[in-house]
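Below, in structure tokens: the form predicted on its own, a single chain.
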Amino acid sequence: MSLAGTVSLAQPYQMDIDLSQKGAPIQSTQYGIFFEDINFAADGGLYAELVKNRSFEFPSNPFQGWKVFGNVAVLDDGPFDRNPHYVRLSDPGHPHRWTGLENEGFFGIGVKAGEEYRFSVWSRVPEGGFSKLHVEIVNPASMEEDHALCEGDLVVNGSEWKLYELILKPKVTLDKSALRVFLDGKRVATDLEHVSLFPVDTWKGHRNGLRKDLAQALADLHPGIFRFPGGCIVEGTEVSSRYDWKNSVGPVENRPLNSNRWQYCFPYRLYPDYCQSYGLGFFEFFQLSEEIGSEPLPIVSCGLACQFQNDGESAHVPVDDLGPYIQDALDLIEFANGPVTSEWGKVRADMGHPEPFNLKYIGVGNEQWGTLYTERLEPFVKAIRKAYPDIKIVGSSGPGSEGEQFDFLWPEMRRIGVDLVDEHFYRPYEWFLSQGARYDNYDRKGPKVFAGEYACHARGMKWNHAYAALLEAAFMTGIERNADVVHMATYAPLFAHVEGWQWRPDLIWFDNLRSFRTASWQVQSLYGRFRGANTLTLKMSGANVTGAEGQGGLFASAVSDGSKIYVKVANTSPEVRELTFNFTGLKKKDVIRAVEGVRLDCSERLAENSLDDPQRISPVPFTFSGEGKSLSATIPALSFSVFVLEH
């Protein structure tokens, strides 16, 4: 037996871990990620496009995001039927004037010195012949003689629409540059559509790609499940603005703009220019799921607009008119899994992925409640079961973690026969401290649980601080202990731009060039890294360790992974705790050997990571050694520790 840490005279808390038999298998989907386009998570975030309103389709102002100079007109008979607008640059009428456009990007355009950026545009010379475009990435606030950070020319030939490209390489790093396009040369009228600027170095090098650092932060979580595209945007403020997955696939130039449910949601943090380009669409979501090793979980509309924003029946699709919505769900499964000879399987193949994505799960509706939801969910379930009996269906328990709607929906989910029930809980400190045993007494025979959205929201301190992350870690010991009931869990929301957020806390924050992973991200990563294969029974005085009275503010769980044992302990108390791990079910000569320990120090309760100090709250290894049938350790106050052992 060996001690790790400072020895105390306090009576140790003994945790008995039974190795006589393995417990429930831990699903590969146990821990994952949930993406929603809130806080500029897609355009201006994970989606690497740097141009705002690249197709001039913003409904109230086709020049939203653009400054225009000279002779510029918007026309609406363009080459892409779902994005008909384009601009015509014409002679400004004087040899000392210029015609062109300047795009502001999303809170500016972030570029790095020496990196390559691909400018592209669909263009033509409507009267035939040729013209020239001059393209610059500029610093409008520069004190240099020249605004340009880099520049280049494109020659446009002929009256047919063609795609033109130019590689630009800035000479300096700047987080708030802009893109300028001039009509140059002979000043012949020239049409421009789908004006785009991407870093060449995207995640996995995809042309219509993702921002590399943000995608890597997802991969580093080792997620088992990836839920997309939301959230409330699945519903829309009205049904017409719901997320329509069919509009998000096919050639990116012809994916129509959609408004965002979060556009006007919070007038005290208003972003009226917040729309969805659908450049990051369902193909890209499925592709990312595959690349980071997670199962995709798409969510489809059940015909209900956001119930928080709409009262009564009139805003929603009548039950008798749900046929097209149900067909959308069936077509989505075909898009993901169908052969290339099928209608939607061919769409997938034409986008570059002839192999199926092997979809296993689908969610119907987001955070709906009441009979409005159940009477619409039921026909979806019947149709999906008939066409695709192996697909697992996720239903909802509503927006609350308990209460009238929650109590109504759970029995209804059993009756309707969904496979998993999506529970949401954004709750304060005291809720998380009281919920360590939440799933201990759930029905083992009913639908499984998907803890689809959760985060600790401290009253008056709604940001990603260390103590909130610690309480999330404590709560997750109960998720882990009940792996036979909870098959999925995803923190929410996922991303937030530091200049464009509407909701916090969030898992990953970023600006135009940098990002940081919060203390909550660190907790999620530890659970993903030390997931294990099976649960183990861990008790203290015969009871689960759930932060109950007399347990010293401790929460704990244990799992096995072959010969390895991972014991996770959260100490939510302000005092050091001495622990003894007592292993039972061993053969007489067997011993347990300590291997390593990893710890997240949350003693600075309100401390948080930031762009300037991204590693302030990060796991660090600690010495954990010794062998025997019983091992001792010290766990500091306000900390989360993972103890790794083997036998």
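Note that residue numbering follows the sequence shown and begins at 1. Just so it is clear, the structure is predicted and the values come from calculations on it, not from any experiment.
Not pictured, yet referred to below: the form predicted in complex with alpha-L-arabinofuranose (AHR).
- Shown without its partner, this chain lists W262, F286, W509, Y373 as candidates; in the predicted bound form, only W262 has a non-hydrogen atom within 4.5 angstroms of alpha-L-arabinofuranose (AHR).
- With the partner removed from view, the residue among I38, C602, I26, A594 that has a non-hydrogen atom within 4.5 Å of alpha-L-arabinofuranose (AHR) in the predicted bound form turns out to be I38.
- Contact between S396 and alpha-L-arabinofuranose (AHR) in the predicted bound form is not found at the 4.5 Å heavy atom cutoff.
- Using a 4.5 angstroms limit between non-hydrogen atoms, F56 is distant from alpha-L-arabinofuranose (AHR) in the predicted bound form.
- Using a 4.5 angstroms limit between non-hydrogen atoms, C232 touches alpha-L-arabinofuranose (AHR) in the predicted bound form.
- The shortest heavy atom separation between Y164 and alpha-L-arabinofuranose (AHR) in the predicted bound form exceeds 4.5 Å.
- Listed stretches are 183-191, 423-431, 70-78, 311-319; the contact stretch with alpha-L-arabinofuranose (AHR) in the predicted bound form is 423-431, by a heavy atom cutoff of 4.5 Å.
- Scanning 70-96 for heavy atoms within 4.5 Å of alpha-L-arabinofuranose (AHR) in the predicted bound form gives no residues at all.
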